[in-house]
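Encoded as structure tokens, the following chain is the form predicted on its own, with no partner shown.
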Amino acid sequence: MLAARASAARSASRLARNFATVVETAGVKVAAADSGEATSAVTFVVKAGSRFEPKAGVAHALKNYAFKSTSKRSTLATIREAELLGGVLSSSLSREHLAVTAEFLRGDESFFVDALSSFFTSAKFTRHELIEYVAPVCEAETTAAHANPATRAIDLAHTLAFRAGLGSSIFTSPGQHVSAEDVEAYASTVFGKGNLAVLGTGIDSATLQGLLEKSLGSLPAAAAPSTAPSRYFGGETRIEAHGAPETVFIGFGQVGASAPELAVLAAYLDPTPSIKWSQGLSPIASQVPVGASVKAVLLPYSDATLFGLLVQGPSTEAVKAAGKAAVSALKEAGAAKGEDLQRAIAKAKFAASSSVDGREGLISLLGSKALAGSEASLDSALSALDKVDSSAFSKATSELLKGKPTFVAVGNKSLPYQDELGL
């Protein structure tokens, strides 16, 4: 088992190293790796997340306009051709990035790269597609997010932590009106050569570059959108909800680049054991009541980080007990050293390495780096974790806890307040 894990980490590291050189083609940043996969995938990453939107809900609508009508083909034609070739098209949105992906069989890259490119160069943003397709999907995704207490708690935590910018939800609020003209105007400001990176797996770099030179020639040279630097505020809010696990999010935030010490802190506190059915060595593990759970949450962004512990349970009593254990462990975490610290570092390194085994993890880890033109390598992340020592870890933990907590409760009105958990 240990040998298999080591082999997987080495494979991920080799794959990430292949992305180390980001080249510029047709004015956009391109990074590709071909490790002999049976299928290929290409992702266009653009800074067009909710952080940059001029009107709430526009980024969410833009995400769902992907693969609709363009000057090259209709929505039906895109769907029909993609299915005939056995490919899969998808789009995702974060607070900073919009990612549009095509996964397909080797040899079909010409159609799929063109299908992705046409969204950025010639999307029509028709009104009838907004009404018939885009808006209903936005509404369904928002409803699903609000029905999930964990998703809702973390979404609300961002608003408390950062207010504007990173505090802007990636979901459209009920009753919000976004027009096709709003979406088209936003797209015109973010769809530009200076704001786009293309990542490919299972595809030769030269092949990908050649296709992009043909398909992105008409893309304007717009720069990345600007926004005010993030500020951390914190706060407390409560949402009454029924029929779901009782949920509490206990968080803290920092501005600036995410410190590797926070990844180690998340690994140190995470109660997930390395062996199934065992309790694990996390300081939280033995204190969590049966049926309750605590999950470490680390959300790094370009100029800020939100760190927290998501506590869920079948009752308010279970959440209160687990929450107290989580807060106590977080306050005492800075004293970790020796074997406990080394265990956390190793766990953080494995999490980083295993995340790039899949394409989604590669995009998450390397997408923003490629867009910034910086080194897109897993090796640099692992090296930073290796440099974490007890002094740096203690200092980073202490600095984190100096800020005002971000506390969200979703569920029964009897859920504990932050001061009842020791904050």
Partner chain sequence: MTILGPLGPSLAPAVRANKNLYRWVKPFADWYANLAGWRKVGLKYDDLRANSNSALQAIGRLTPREYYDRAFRYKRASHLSVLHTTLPKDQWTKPEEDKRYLAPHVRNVEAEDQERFKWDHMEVHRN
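The structure presented is a predicted model; accordingly, all values stated were derived computationally and were not measured. Residue numbers count along the first chain shown, from 1.
Although it is not shown, the form predicted together with its partner chain is what the next lines describe.
Fill in: Listed residue that, although its partner chain is not shown, lies within 4.5 Å of it in the predicted complex (heavy atoms), from Glu339, Glu132, Glu332, Glu240
The residue from Glu339, Glu132, Glu332, Glu240 that makes the contact is Glu132.
Item to complete: May I ask you to choose, among Ala206, Leu84, Ala164, Ala144, the residue with a heavy atom within 4.5 Å of its partner chain in the predicted complex?
Response: Contact with its partner chain in the predicted complex is made by Leu84 alone.
Item to complete: Pick the stretch from 183-191, 313-321, 252-260, 73-81 whose residues have a heavy atom within 4.5 Å of its partner chain in the predicted complex.
Response: So the stretch in question is 73-81.
Worksheet item: Just to confirm, His128 within 4.5 Å of its partner chain in the predicted complex by heavy atoms?
Response: Flag for His128 set to yes.
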